[in-house]
Structures are given as C-alpha cells and as structure tokens.
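In structure tokens, one chain follows: the form predicted alone.
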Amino acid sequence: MPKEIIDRIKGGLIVSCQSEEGDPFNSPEGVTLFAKAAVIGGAAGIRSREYAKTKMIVENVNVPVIGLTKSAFPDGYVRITGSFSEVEEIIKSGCHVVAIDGTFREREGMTGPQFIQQVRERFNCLIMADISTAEEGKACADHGAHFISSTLSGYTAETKKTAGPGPDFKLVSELTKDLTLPVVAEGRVNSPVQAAQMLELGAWAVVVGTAITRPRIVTEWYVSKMKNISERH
C-alpha cells in the first residue's frame, strides 16, 4: 500500500485545500468542495489541514490525501504537525500521508529529523517531511521520512531572509540531486509554468495551494496590480 500511494502521485499535481479564518470556505464542507473540484480537474492528490476537514475530504475524494496540523513555534513561525498527539489526531482522519515539520527547530525535546524517526517507530504511517534547507532534507531522509517537501523554504527565520517571491527552484534541484527518495516541490508555485519547471528539475510531484484554492488572495493579486496602473491614469 505505501508504494502504491507513492506511485499514484508521481508526476502529478497535489492541491493544497486549506482555508483560514475570515475566508468563506473555512469549513469542512468548503474545503471539500475545493478538493472535489481539484480531483475533477486532474489532481493526483490533496493536502489538507486539521482533523475534521481532512476526514471529510478523505471521505469524498478517491486520491491520496496528505494530512497535517498547524501551530507555531515560540518565535511565531509556523510549525507543521509538531507533537505526537497531533500526529495521532490527524492519522484518525484517515489520511494516507502525514506531513511533519522536518526543520531543525526543536519540539517535544527533539529536532524535526529526530521527531520523524520517533513517529516512524510509534505510528504506521507514511511521512512527508516539510523542510526549509537541503541539510534538513538529507537529515529527514536519513531518519526515515518517505517524502521530502520544500514546503517551509522561506517560512522559517533562517530562510525568510534569502527567499525570493517565487518558488525555491535551487532547493528542489539540490534535493533531487542529493536524495534517492521522492522530493515534492511546494511553496509559492503560482503558475502552471513554474509547476512544470519543478518536474523538469526532478520533483516527484508538485503542491499548489494559494493560486488554486485561495480566491481571496488571488483576487488581491489582480486588484493590486491593476490599482498600480489605474492610479497613474
């Protein structure tokens, strides 16, 4: 079964169906509609946040679902599924893969790679390690992760300073050259061209969220660009 799930997403688009407070789609029903639409459009997988939303998505689509929880580290930066209780909770949703923060930041008294090793030993689940640097990716691979994802590049204190507005092509390229396990490209992939470029670099699959499932933010992109022009006329 694990190999089947890994193979099913190869070369495919994984749509991140998450919504935040203030968005009209911020409910299990809302994100599930996004997930169903994504699958109709050809998505090979779905990435989902929180138990209730993930459970409903799993029950309504026929593609692999990556589940996670979100919280924050003491410095305010995002933490993905950072405790054993969160892992146990999201597994109960029926998700096929659990995304876990694989950065070197400590949680439960361990770094991400060490935590992933413990999760691998305690739970029978596929693990996607969300990392921000090539060094973290290698360490997570060495500690038992099944996938490495570039999700957190630009979303940690260390990488925020060097991240550009677009995807981290350099990181994905480094990961695919250095690792033998599947590398998933995620983070600021906002166009079909960028997604295709990630596959050219050797990515196993590509995750896209905001550009597909955050219409409020996409609308803001258009409005902002148009406002700059209209104010000059």
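All values derive from a computational prediction rather than experimental measurement. Start at 1 with the first residue shown and count on from there.
One more form of this protein, predicted together with another copy of the chain, exists but is not displayed; see below.
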- Tell me the stretch among 171-179, 197-205, 49-57, 64-72 that has any heavy atom within 4.5 angstroms of another copy of the chain in the predicted complex. 197-205
- Query: Quick one: is R232 in contact with another copy of the chain in the predicted complex, heavy atoms, 4.5 Å cut-off?
  - Reply: yes
- Any of the heavy atoms of G166 lying within 4.5 Å of another copy of the chain in the predicted complex? no
- Report yes if any heavy atom of A38 sits within 4.5 Å of a heavy atom of another copy of the chain in the predicted complex; otherwise report no. yes
- Query: Just to confirm, E20 within 4.5 Å of another copy of the chain in the predicted complex by heavy atoms?
  - Reply: no
- Is any part of 213-229 within 4.5 angstroms of another copy of the chain in the predicted complex by a non-hydrogen atom, and which residues would that be? P215, R216, V218, T219, E220, W221, Y222, V223, K225, M226, I229
